[in-house]
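One chain comes next, on its own, written as structure tokens: the form predicted alone.
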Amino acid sequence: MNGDILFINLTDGLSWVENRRELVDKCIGGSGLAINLLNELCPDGVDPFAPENPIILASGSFIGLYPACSKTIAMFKSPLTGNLGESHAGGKLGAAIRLAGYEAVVIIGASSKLVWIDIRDNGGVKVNGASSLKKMGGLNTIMALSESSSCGLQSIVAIGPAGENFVYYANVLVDGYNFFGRTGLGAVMGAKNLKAVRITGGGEISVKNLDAYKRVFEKIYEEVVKSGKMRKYHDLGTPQNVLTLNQIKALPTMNFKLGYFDYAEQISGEYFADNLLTRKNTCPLCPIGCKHVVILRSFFADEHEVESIEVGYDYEPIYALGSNLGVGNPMDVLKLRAVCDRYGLDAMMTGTMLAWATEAYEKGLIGLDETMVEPKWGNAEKYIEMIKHIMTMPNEFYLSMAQGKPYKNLGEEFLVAIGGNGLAGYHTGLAFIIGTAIGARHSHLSNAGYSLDQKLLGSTINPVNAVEALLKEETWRCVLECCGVCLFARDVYDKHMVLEALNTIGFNYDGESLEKIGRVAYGLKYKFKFKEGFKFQNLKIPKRIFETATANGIISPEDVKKALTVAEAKIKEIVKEATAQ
């Protein structure tokens, strides 16, 4: 870990390197490095679309070295949540950053015209005009910028038209199959007039003890491939969740009005794998191949003019664009996913907004004057039209949709989002809701409350005990994020394995100091959130959550309130500890 951070100012096109080895040694890298830099560089109260809002792309210390470690961490101020913007993406990006000689890339300022950045490991950084890429989808942009003859590992990230139009939940495509999906990084890039970043790394990543590194690598590889801990992700992938959750009546359906979908089998992982799967894709140094891909054909003109595109599928988009919209045709789910990908929209938040709009239309709160098309459960063609309108924002209604807000505050009780972020597809019980609420990025991946619910299926969980368990899980996950570990491999990378792997690359920690790094990272995330106005008393839990039975019964508002009161006190103490470091 050399400690070099690359800074690029889009306002004047200048770039420079700062060495922050002391900071990397203190926080390992990844999530810890990113949140330290965000707290340092982001002005208090900055508009998320202002040039001063930094974009930080941080690589973890295990990336490029160990199996199933590829998660680059992006941090920024989010237009969607109004505070912490955090998103994780697999692909080649983290390894390319490290092979180019950096621990992180920080982008500040804003260009007066649309540009893309070219970063190479010889220290060269060039800001290029991107007028020819305007309104182009992320995949086509990546294809246009790819260099087949490049010397080194190349990674390209790009936004679509939604990012250029500042849709609050615009995403960023990474290498064609991965995404910075949540909290609106695409919109922040759009505000900077930044269409894409290409990074080519041809250097080396050193280790402290080569023999020990080889032994630990083989040990981890054996666990990943032969232990069965990651078999689910290789075989069916996360879409295996569809039938599992449907069976326990925890599959959100038609805007969380139900927990069971009659057509779940048609959009299940089993159906996709048996009938539509074309191939699997993977990240560098990962033998799992969790990215399941199909080829979708569409006719765009007479005389059988056909477009064939590859579409990745996983559980969250299947839920968000499938069961939660009443769409039970697998090809329709793929079409909706493909449209979101083409425009550069987070599929989960898009599904959340479409589900809210459909119910608001049903209840007569909005009409055709607002929607322009008739939203109807299961009608993918109508939803495709609405997605186009979200991207172009032709009226005030779609402007509100693009900002992730209920139009004129109508029906906010059934806009199923917490902290501004649309809920993931797990109506499992109390722990999932608490976990989403207290998660620093309001994500199911923050602490996996849904997993806790499923382990205690049929039992009643004490809200205070839930908070304790979820905080412990999230602070540990912050350690894994510092290392760049894919959370699919969390059962492989236990504390002992992480300590052993860190030792081979020059970090000397014991279990207590390692856990402290996670608590500090989590505390610094909340320090940023509080600084930017986040308050637990203002955190709204949509009424719908308390109306529909979960896999563990009806959730009590009193239990959620009690949990958040306890969590707030504990989190403030963690922030105090982190700030004192």
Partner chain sequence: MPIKLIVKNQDRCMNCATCVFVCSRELRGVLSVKHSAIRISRSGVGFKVTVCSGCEEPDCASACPYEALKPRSGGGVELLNPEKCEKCENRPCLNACSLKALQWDDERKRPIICIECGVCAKFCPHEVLYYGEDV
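Predicted model, so just to flag it, every value in this text is computed and none were measured. Numbering follows the first chain given and starts at 1.
The discussion below concerns the form predicted in complex with its partner chain, not included here.
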Inset, instruction - Tell me whether Val207, His234 and Gly289, taken together, all sit within 4.5 Å of its partner chain in the model of the complex, counting heavy atoms only. - result: yes
Inset, instruction - Would you kindly say which of Gly82, Pro284, Pro330, Gly259 lies with a heavy atom within 4.5 Å of its partner chain in the model of the complex? - result: Pro284
Legend entry - Residue (of Leu457, Leu410, Cys151, Met372) lying close to its partner chain in the model of the complex, criterion heavy atoms within 4.5 Å: Cys151
Inset, instruction - Mind telling me which stretch in 199-207, 416-424, 260-268, 347-355 gets its heavy atoms within 4.5 Å of its partner chain in the model of the complex? - result: 199-207
Inset, instruction - Evaluate Ala448 for contact with its partner chain in the model of the complex, applying a 4.5 angstroms cut-off between non-hydrogen atoms, and reply yes or no. - result: no
Inset, instruction - Answer with yes or no whether Tyr177 is in contact with its partner chain in the model of the complex, where contact means some heavy atom within 4.5 Å. - result: yes
Inset, instruction - Using a 4.5 Å heavy atom cut-off, state whether Leu99 contacts its partner chain in the model of the complex. - result: yes
Inset, instruction - Using the partner position in the model of the complex, report whether Ile295 sits within 4.5 Å of its partner chain, counting heavy atoms only. - result: yes
Inset, instruction - Let me know which residues along 207-236 have a heavy atom within 4.5 Å of its partner chain in the model of the complex, or say none if there are none. - result: Val207, Leu210, Tyr213, Lys214, Phe217, Glu218, Tyr221, His234
